[in-house]
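So here's one chain in two forms, each on its own in structure tokens, numbered structure 1 and structure 2.
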Structure 1
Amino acid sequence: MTVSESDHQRRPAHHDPILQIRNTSVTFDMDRGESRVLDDVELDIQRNEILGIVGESGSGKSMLASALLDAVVDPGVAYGDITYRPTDGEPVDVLDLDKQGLKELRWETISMVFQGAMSSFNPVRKIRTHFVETLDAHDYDIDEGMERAEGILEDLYLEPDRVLDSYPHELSGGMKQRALIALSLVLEPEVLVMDEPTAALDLLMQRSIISLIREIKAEYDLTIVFITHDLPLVADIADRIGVLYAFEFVELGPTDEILEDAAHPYTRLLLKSTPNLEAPIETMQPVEGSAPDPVNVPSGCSFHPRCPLADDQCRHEDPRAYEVNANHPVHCHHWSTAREEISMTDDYDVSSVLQSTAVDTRAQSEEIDPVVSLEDVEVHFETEQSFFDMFSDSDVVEAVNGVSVDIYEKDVVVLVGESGCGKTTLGKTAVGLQEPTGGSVQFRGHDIWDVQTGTDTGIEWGEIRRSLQIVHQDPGSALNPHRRVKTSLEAPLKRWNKDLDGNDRTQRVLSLLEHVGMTPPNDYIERYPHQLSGGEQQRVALIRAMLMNPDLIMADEPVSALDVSLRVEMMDLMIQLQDTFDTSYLFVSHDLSNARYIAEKTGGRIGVVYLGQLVEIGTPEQIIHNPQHPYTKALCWATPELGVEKNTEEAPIRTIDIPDPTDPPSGCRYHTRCPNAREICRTQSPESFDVPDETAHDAACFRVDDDHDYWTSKSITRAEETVFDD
């Protein structure tokens, strides 16, 4: 296998490629010129391998996936040679097939799972119809095919009848994604191309599907091409990894080599910029700059503007494929020195000063009063409410249920949990944007909702409103698309600093823009949000919150909409701003690696939320290395690692799917998925127990208490032996 035309013929015959891709490009004609979104790619895909293809958004990875089925969307054009080599019979040129030939190739030989499972099904037809019509269109025997489909669904831990008789909107995202995988396998293809199949899913679901992919690959004798932006995700399952940058492969090699000893500077920087649970946080560094525009790819090596090793040669000469070894081509003139120049462990100081001081801060802050204090907070939503509702009971979603937590000055708390677990609602409640239906939220000792209604006059509502701010997940919608940066940023100043005149306001905005690295600021203030990149939008949203000089900022997944290589940079900026402005943060994240990065770097705590309850809270060290609650353990298991050793241990959960939040389980809410659940967990809800290891570590699980009745209760997991049972 190879990425270069010079040596692919010389590859010895023991390679058995099922797909050979040569000189393949995809172009789009645009007003401002031809846009080349896949540039002269060479690749062999071996029979029965799992090939991981990693790239940032806009690197051309989805184009490659589409090109494999000759399914590039108009007005894009794919050209070059893509050859499919069946075990018996003549090789087939995919891009040359006529309509009938394509019909036989697609789905029957090469199948595909799209990233948008949510929208891959026709909303007005049942799942079963999708299977039947596919079998029918390809003249397969329908009864036999449906039997196979049911088998595949069962292998994916779904109840075939229930799923098949549902409409797409009746299934959860994870179920839909698995149903889509089953649909792609129903015609028994040889190659399965998966384009970000887990991007929209929760950590546990993502992890579970990754494990399933390994199983179905063995069972159905598949070759899998797994395309993702998330390097750690494929690290576990891929045999080889190819890294795409600016529409070409920069490096391709066996997984171990890529992870341990990558040769391309981009791969090395990407690995360093990826937050994870194990590597010391000091080694995590952002990749400077941003990926190029497809119309205007830099000359020479396309990575040279961002590369610390770039010299004149890189600027002018497109690097050919150099061989690290026979199985590992890399497109870099300096590949041999890259490994020394970009050390994976450099500037890592074992006695991390920052960490110890941070812990000190927290220990001190225990003494003083909290900024915001949540006590036994409950938020229940009624799903339907209107004039004629007297005829029926409405469903109640218990988004947050009995959560208590204190946030101190310059404190950082990161809430982690699956989507729909109520972590965002909890966060919004903490900053006074959501009124709790029970319990109290206090700001410096005043119940903020009493202040709002005027029953507590010890502090102004305006003061509270100014002190508690929010930064949203999607920077695109956090800024009003109709208002310029200047107008958006001046709004808080107009409201709160009435003594400033127009020029003073603008001056303040300009200096803050410069402070967060948006230079020249004069250029930026006149822009509309759509004229900013995602990272720039998030910076503007961040300084808009900072302009209020708040005491606590709730940041709702502030980096999840950004490219992997930009996340560390954004988190660093937020940490630096926290220092500058003396504020506290309440982060909300579904990603334990990001949570750990933030919490460890600031000496904060991580809180784990499950179905509206805070099940464990502690320092990152405690949460990751000494998790007490079984759910925390499952989250740690589900967080992909960059390590070489395969994570093959059994999943520490009994069911993949999260229970219906309108009808949460009785007792301990986690008992339906918990591998350690016993009879008592069904009926009794555990309180928060102090974990004896250190201070500031609490977990809501009977197992923390050595003398609890739990230990004499009967296990309920024996009866339902199966793991992953719906």
Structure 2
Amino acid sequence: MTVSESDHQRRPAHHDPILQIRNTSVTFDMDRGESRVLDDVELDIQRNEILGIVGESGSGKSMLASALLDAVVDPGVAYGDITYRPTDGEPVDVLDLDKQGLKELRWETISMVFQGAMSSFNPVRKIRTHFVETLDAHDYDIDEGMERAEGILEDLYLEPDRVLDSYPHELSGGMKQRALIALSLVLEPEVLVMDEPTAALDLLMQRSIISLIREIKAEYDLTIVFITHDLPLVADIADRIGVLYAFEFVELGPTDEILEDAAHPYTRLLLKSTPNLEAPIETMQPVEGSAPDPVNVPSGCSFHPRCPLADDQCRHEDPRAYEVNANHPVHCHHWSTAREEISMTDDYDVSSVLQSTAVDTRAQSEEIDPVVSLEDVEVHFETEQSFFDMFSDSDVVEAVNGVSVDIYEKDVVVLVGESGCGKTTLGKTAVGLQEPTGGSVQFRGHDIWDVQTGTDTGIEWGEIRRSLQIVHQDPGSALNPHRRVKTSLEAPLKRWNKDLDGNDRTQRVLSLLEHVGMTPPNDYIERYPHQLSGGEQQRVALIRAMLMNPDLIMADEPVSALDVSLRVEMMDLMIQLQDTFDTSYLFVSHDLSNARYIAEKTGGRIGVVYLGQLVEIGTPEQIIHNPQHPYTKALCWATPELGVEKNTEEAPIRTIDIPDPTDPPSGCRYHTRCPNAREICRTQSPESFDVPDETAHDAACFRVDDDHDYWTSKSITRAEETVFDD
């Protein structure tokens, strides 16, 4: 099942609405007032289109999805008009259906793919049971339905028997997400609503899911509503894009028009704030300010407190829908001048920017000693066994296998790769939170585990623990929910700066809160974590780590949970704090755009990790514009880019799913997915080669060496089909 580029031409939506939304709102009664989380929305969803809906967290995206199925949870109330228009028959008022009518509408007519695939499945029931129960609940023939389910799973490049006979935890994140898509299609719906379906997936799986969405849309004659906070992701497949801000649409139009000539200031600023691989980093600026409180939405234009074009009219008069072009309304009084006032491009020489930020780390290594040095590090885990497996050998996961890397003063190393490739384990090992099963980790020349056991007495263990810190991916769970911000931030000062009295500690905390933009600091210092936004929680977590005055911070996906509009702002803050505290970062990310931004802006390096091995490392310029390892090339291909045409002929990777880490492939671990694999790759594991004519650029691939036996070895891929095309 393939879809050619000609099957997906960008076009204005034809006027054949399958769903019409008129004056639709969703409200919640709260102690402090009415919370309006969807505000008088009007929208036509055209038959057989892919409509992308984007916006920041809390903008009302998920509420719109729930309203389309009249599934807003109590005590929320949806009101207005949502009309389903079948091809044959009378229109149906969705919000006026009885219980039986809703049962028939949900899944059979409008189906939903929820954000968390794991939480959508019962963990103690096999995938097959979920399909059977869904078919039975809607009075479908079980045998016919399961035959259809198997066909859908095959269309999604899954093995039906294996998936259906597995429990959810036995499937990878990408496999669970595809199984959930199959479950949503088993009752043959007309409309598929997808709420952040790729949010928890890494780049390659995101790209493959996007490719599959195009295919299932054509195969099953679907209308798709794709909801996301990631504009580059949806821009690759959507016919139209709607931009939600403060619980209402501020702009809606054909994808090409939105990307090339957006008319609303928020849309233009959102586009500029998105990290990408090609644009100069100087052009990437965060959207200043924060989204409004649903209980206290500003009068007039809701965006006016953050808008650089706001005037008295914006502050007092709610903008109507102005027509930019046919099928392109925008809610902005100044839409005609926004395009001139908020430029989308700046005159930067990309090559000169890259050259000025590149750092010769190899020359640096000859002049100074590293802060942390990893030498041939291995971390292997034995998998847990059930009672029935107690007499058999445990499976061993080689989470990290033979990695060597040095981190210097004020250095930044960004580890990128798919989920489960060993990035986080490697990072935790570097900061002494995970003991290696082989190799060594040294802090300023001292093996940290020799220090911990007392074999090396040249430095105290407490000094190492203070010097090596971590910022977790989810700051909400990393902060004690029962402690105020003040208590959490004063704790490291009490332990490591005992000469400070209570007033000095408080003043230092207040100063840092103001330094990171949390003003007035006296307000924030008394709050609990749940009273902070995600970005504010991450700021507090960063401050807490910095108060240790560490030499190295391992930042584990520190911006992945944030809106795209906040990621640049958070990375800029991390760079600012690095300059203030003279610390180094080991930054873990699955997003190559984020990796490029922070590494290029700090003169750092990007390390590419695959199945526990460091397969390539170099400057951002080298990794992005001259990748040597086929896996690095696949990551670059998978990274969504606004306004950049991707090579659509064939995906540079042979299979979607990563191999089982308990049974990694022999030889080069990437050879089972590599489009350039040869016989020698099956049996020999490549060493790390210096890339010719490039400093500080190494790649573990035979192709780097022009004289290697690889070039005379027989190809193993020419007779094999590529698993998915784009």
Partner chain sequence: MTHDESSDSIEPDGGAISSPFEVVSEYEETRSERYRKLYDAYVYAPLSIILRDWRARIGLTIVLGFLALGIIGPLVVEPTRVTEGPALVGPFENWEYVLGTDAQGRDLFAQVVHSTDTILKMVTSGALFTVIIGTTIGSIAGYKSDTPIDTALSSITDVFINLPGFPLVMVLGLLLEDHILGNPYAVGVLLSIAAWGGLARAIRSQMLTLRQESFVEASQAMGLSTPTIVFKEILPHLMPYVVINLTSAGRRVIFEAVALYYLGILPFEKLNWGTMLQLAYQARAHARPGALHWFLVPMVAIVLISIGLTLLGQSLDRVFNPRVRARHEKTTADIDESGETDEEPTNEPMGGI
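Superpose the two forms; the largest set of C-alphas matching within 1.5 Å is the rigid core. Not measured: the values here are computed from a predicted model. Residue numbering: sequential along structure 1, first residue numbered 1.
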Next on the checklist: Just to confirm, one of these is the form predicted together with the partner chain and one is not; which one is it?
Outcome noted: 1
Checklist entry - Can we say the CA of residue 273 moves by at least 2 Å between structures 1 and 2 when the core is superposed? => result no
Checklist entry - Does superposing the core leave residue 633 with a CA shift of 2 Å or more between structures 1 and 2? => result no
Next on the checklist: Is the shift of residue 71 between structures 1 and 2 large enough to count as movement, that is, does its C-alpha move by 2 Å or more after the core is superposed?
Outcome noted: no
Checklist outcome for this item: Expressed in angstrom, the C-alpha movement of residue 407 between structures 1 and 2 on a rigid core superposition is 2.7
